[in-house]
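This document opens with one chain alone, in structure tokens, the form predicted on its own.
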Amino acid sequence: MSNPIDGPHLDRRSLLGVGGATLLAAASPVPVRAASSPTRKSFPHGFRWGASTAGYQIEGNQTNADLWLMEQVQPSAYAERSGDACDSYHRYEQDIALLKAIGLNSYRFSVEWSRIEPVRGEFSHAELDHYRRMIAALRKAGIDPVVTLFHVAAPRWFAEAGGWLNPESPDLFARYCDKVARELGDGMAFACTINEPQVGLTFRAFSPGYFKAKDEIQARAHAEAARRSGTTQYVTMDHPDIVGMTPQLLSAHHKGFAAIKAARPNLPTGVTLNLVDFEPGNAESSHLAMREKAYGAWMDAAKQSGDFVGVQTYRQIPIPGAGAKMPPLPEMPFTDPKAMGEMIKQPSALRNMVEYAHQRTGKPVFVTENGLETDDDRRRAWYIPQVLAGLHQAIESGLPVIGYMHWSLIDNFEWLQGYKPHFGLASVDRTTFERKLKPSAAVYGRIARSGRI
């Protein structure tokens, strides 16, 4: 099979082109299985229909964040700078209006550590009030806030202290989680500790050689950031040493989860994981071993510390091996069958990973991200019903699924690729910041409003 990640794109989604039920039900009205219904294609009562974003990607001007400096140094791995992003820091009410217009009842977003704790040990009451107002506005609109505490970007002081390579990092994160939970937790519907902490492991599980040159650029960029900061090391989530960061990230999830639950015992909390659907390319494929290599430690962590596990799936990768070849990937409309990078965006991937995550952890599953990068909105309008039909089948089989959050509410800053990839249900004018819903939003909205596929 040709390398599914050939080309200039490198980010957390495009690169992938390449017991708990009882506790959660008691804490919040979360469905744990499909309700009986004369219509087989009805979703459970109380199902969460939503969309996701991340602060650094939409808020704009996060000058205290570690990634802001990484955008400025040379060499830089970023195609362009984030700048104003979508100005959602000031325009969050417009984003809430989009959610209402679509007919969604939940919104996953991140509170930004670099705003809340801009200096180590000093918490900003003004920024906490900002997010408190945002949560209150969502509640007033009848939308459940699903809050991620760490979504890729950290405070600059955290990176200057060694980031997730710093042995102190789990305790620093837990202190931040405690503060956020005590200040904002009463308005949250769900909390997510760390977004995609194992994404770097996933990348390297199926294509380690591809990252050698990319890691060299990142190493040079991080060294230059350290020089400009006057520190011995500067470590962000894009640092090549994901293996070295993983023990601290695992500990941070456990300690962050404990801190949140100590402050807000009834707040359902979990970790959100990037799960590529590794499937057999041949009869004797090692795809199950690859899943364990990429996800095993984090599945164990979610099982130990979590009321739910967040599943974030975009791609299906056939893993070659010995024996007869498996059937080719099914063709999809508006897609060139010869374009492997597009063909692996199979809607069946999500159901497979929902089933895997529940089987591996025993926890209820929350689809906290799923979507499609395309400028042809017809593809997205086709994809959404397909992927939700598969999710409905999983629920009908007895799997506890809390809800589905589409990535993304709006087109935004997609990390290293800048503003070129478009995942949004709405477009954003980069000059006026005007939001416009795409036709696919109406398709999703009809399903969400009716609760039927």
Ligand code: BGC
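Throughout, we count residues from 1 along the sequence that is shown. Given the structure is predicted, the values throughout are model-derived calculations rather than measurements.
We do not show the form predicted in complex with the ligand, though everything after this point is about it.
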>> Given a 4.5 Å cut-off on heavy atoms, tell me which of 291 to 299, 234 to 242, 307 to 315, 253 to 261 is the interface stretch with the ligand in the predicted bound form.
In response: 307 to 315
> Taking the shortest heavy atom distance, is residue 56 within 4.5 Å of the ligand in the predicted bound form?
Replying inline: no
>> in the predicted bound form, is there a heavy atom of the ligand that lies within 4.5 Å of any heavy atom of residue 151, even though the partner is absent here?
In response: yes
>> in the predicted bound form, is there a heavy atom of the ligand that lies within 4.5 Å of any heavy atom of residue 110, even though the partner is absent here?
In response: no
> Is there a heavy atom of residue 415 no more than 4.5 Å from a heavy atom of the ligand in the predicted bound form?
Replying inline: yes
> Among the candidate residues 274, 169, 114, 82, which is the single one with a non-hydrogen atom no more than 4.5 Å from the ligand in the predicted bound form?
Replying inline: 274
> Within 4.5 Å of the ligand in the predicted bound form, heavy atoms considered, which of 346, 88, 195, 202?
Replying inline: 195
